[in-house]
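This document starts with one chain, in the form predicted on its own, laid out as structure tokens.
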């Protein structure tokens, strides 16, 4: 599985520096978390990886390929999937059909024709989707319409849709946002299983520090577009600048 290398990334908007020479490496097979205050550059970094934002300088390489030379729609084809803070679900479709939307990245024109002529292709796609839904604990929701489902279920549907594209790297944007304590415990277990059971590298942006400390192999702390430190959870937790900027008194962490 390829590593993700980010090298001297710099981007600004209307004179405001969003990322200031950010460099980091997400190693294959690890759970890597990005943390920092609002406006620190976390979502901007995700958007650069996906091709939604184009930095002024720097490089992003995945398996040796510079993502900045790729068009936005080409990046998922390289094995990078993403979830979003704002759910991208279709409420008037079933849970299963919402998940299957993620399979379109793997469907060739030939396979599309096969779906018209035979149910065999659809059955194969459904089998993969149900396998992933079972891993996430939502297989029994397959025929239910997404409209009216609990927020936690809709969050898991978004993750399942990303996973059904069979990525090598998944970007999870605040997966625990809006969840209660029990749901957060479950999402921590799921993120770990995505890495352990499916062998997918995980890059997480998250504000819930208990979740981050529980699941992460390494953590990068951003503040005002700069990297404060990168290290293992215990190292980051004790870093004096992190305590001052992010974990100090008066925070919710």
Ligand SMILES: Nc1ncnc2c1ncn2[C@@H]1O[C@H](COP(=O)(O)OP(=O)(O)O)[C@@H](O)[C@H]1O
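This structure is a prediction, so every number in the text was calculated from the model and none was measured. Positions refer to the first chain, counted from 1.
Separately, the form predicted in complex with the named molecule exists; it is not shown, and the next lines address it.
Checking 44, 216, 184, 201 for any heavy atom within 4.5 Å of the named molecule in the model of the complex turns up a single hit: 44.
Residues with any non-hydrogen atom within 4.5 angstroms of the named molecule in the model of the complex fall in just one of 36 to 44, 23 to 31, 58 to 66, 186 to 194: 36 to 44. The named molecule in the model of the complex comes within 4.5 Å of a heavy atom belonging to residue 18.
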